[in-house]
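Shown below, as structure tokens, is a lone chain in the form predicted alone; questions about how it binds or moves come after it.
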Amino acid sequence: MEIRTTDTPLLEWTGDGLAIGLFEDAVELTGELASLDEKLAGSIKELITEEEFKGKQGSSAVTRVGTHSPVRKIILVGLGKPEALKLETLRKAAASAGRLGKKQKCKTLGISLPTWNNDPTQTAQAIAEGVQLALYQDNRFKSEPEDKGPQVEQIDLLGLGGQEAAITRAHQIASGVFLARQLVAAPANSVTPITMAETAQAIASEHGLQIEILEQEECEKLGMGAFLGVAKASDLPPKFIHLTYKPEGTPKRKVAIIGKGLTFDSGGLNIKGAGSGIETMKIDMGGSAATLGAAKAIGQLKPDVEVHFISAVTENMISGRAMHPGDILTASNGKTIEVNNTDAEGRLTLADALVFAEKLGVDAIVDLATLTGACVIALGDDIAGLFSPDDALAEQLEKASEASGEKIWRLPMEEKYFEGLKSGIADMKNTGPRPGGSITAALFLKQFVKDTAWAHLDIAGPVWADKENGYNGPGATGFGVRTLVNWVLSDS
């Protein structure tokens, strides 16, 4: 699929389908639209009337135009109130246009949407992102693709000529999202610690990043007892992945991104029971997938920021070597942990990854993890939880999230809740009481960061969508990649 920008007027554009965005309660046709409607024998006005199209955000309508018309199909997409226009509005409108264009068997599609904030560059990028993310297909595990119909081959963004660099940037970011989606969607017999390390090596090779893969013996020498405690039961070797992007010259800042990398989570000896969703636990490396997706995008975008991409990757399995409930593990910073639930394993792997990251001397650390069901109960399936003791870093991530359209919500780190993690025989337990479970999980992680600005994103909800949601789903969403990229680029 080729996405192009053009200044070809609406009246002169020709192709299979033309998608036009209209604001709510402002669907009267004037100016160029009125002229286009006249050229198309009143088809647009007729569509608005017959479908009672009001321009509400998320609404759409389609009609076929006369046989000899320069445009075969007209697609209207609602934009909502003009004063509420955001980049995310354009992203979702473009996604809707792309999906409808495909459904209507349009090989060529023109999209005409308003410019956000007098900024054609960000407008073009948002539209290109939305349509690419919406039309993404993953047929890797099907013997034959279910969708054998014609695909959208060319998309023209009307009124946005000269924005080729924005389209390129959208492609680069989307490629990172696609990688994250592919990793999360793949089954655990396809994506393993070994293949995750191979994926990281491929990113390093293709985009000029440095790479370090720590094997089990090296992790032992670094005292990573928490990570290796989780890894003991698996027949597959653990892999500690450390990718580094370094810009030319002196970087403006140095940051680390850490992703939870459980390629399958059985729960360990506290095995996940009936109704636990164990069959979906291939997604428990969603944080690592986002981290590698961001690495792929950053490697192409090349900002003036040094970025370390880190993931302690393993399975959480059951065997005669498995850690037991009641075991005490020692993390690489010397902290001791009483394991009172082997199904709270992600925070154990993150503990050693956080200690490793801080030793790199970075300015800030962000970790992403499908960490707690409690966060899904609190915020639902669409919103990630943000935890940070650093207001400035939290604000940076909130701005990056708003720009990307990936929703996050800051939750409190109530220090007194750490009482629930106290152990009589170790420095802490790995789980606390049921109330505030996502908060106590964040407080646990906080014990492994001493002085560096740090934030934790619990992405257990939005990493997967059961149904189509804007330009995501059904399936893996690649959540986090675009927010991370925006965060890194914010100072570049």
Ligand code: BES
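Numbers follow the displayed sequence, beginning with 1. Computed from a prediction, not measured in an experiment: that's the story for all the values here.
Separately, the form predicted together with the named molecule exists; it is not shown, and the next lines address it.
Checking Ala353, Val230, Leu371, Ala295 for any heavy atom within 4.5 Å of the named molecule in the predicted bound form turns up a single hit: Leu371. Contact annotation: of the candidates Glu88, Asp390, Glu398, Asp343, the single residue with a non-hydrogen atom within 4.5 angstroms of the named molecule in the predicted bound form is Asp343. Contact with the named molecule in the predicted bound form, defined as a heavy atom within 4.5 Å, is made by none of His308, Glu358 and Leu360. Of the stretches 105-113, 235-243, 323-331, 344-352, only 344-352 has residues with a heavy atom within 4.5 Å of the named molecule in the predicted bound form. Among heavy atoms of Ala460, some come within 4.5 Å of the named molecule in the predicted bound form. Looking at Leu157, you'd find every heavy atom of it more than 4.5 angstroms from the named molecule in the predicted bound form. None of the heavy atoms of Ile337 is located within 4.5 Å of the named molecule in the predicted bound form. Interface membership of Leu100, defined by any non-hydrogen atom within 4.5 Å of the named molecule in the predicted bound form, is ruled out. Residues Lys260, Asp265, Lys272, Met281, Ile283, Asp284 are the members of 256-285 with a non-hydrogen atom no more than 4.5 angstroms from the named molecule in the predicted bound form.
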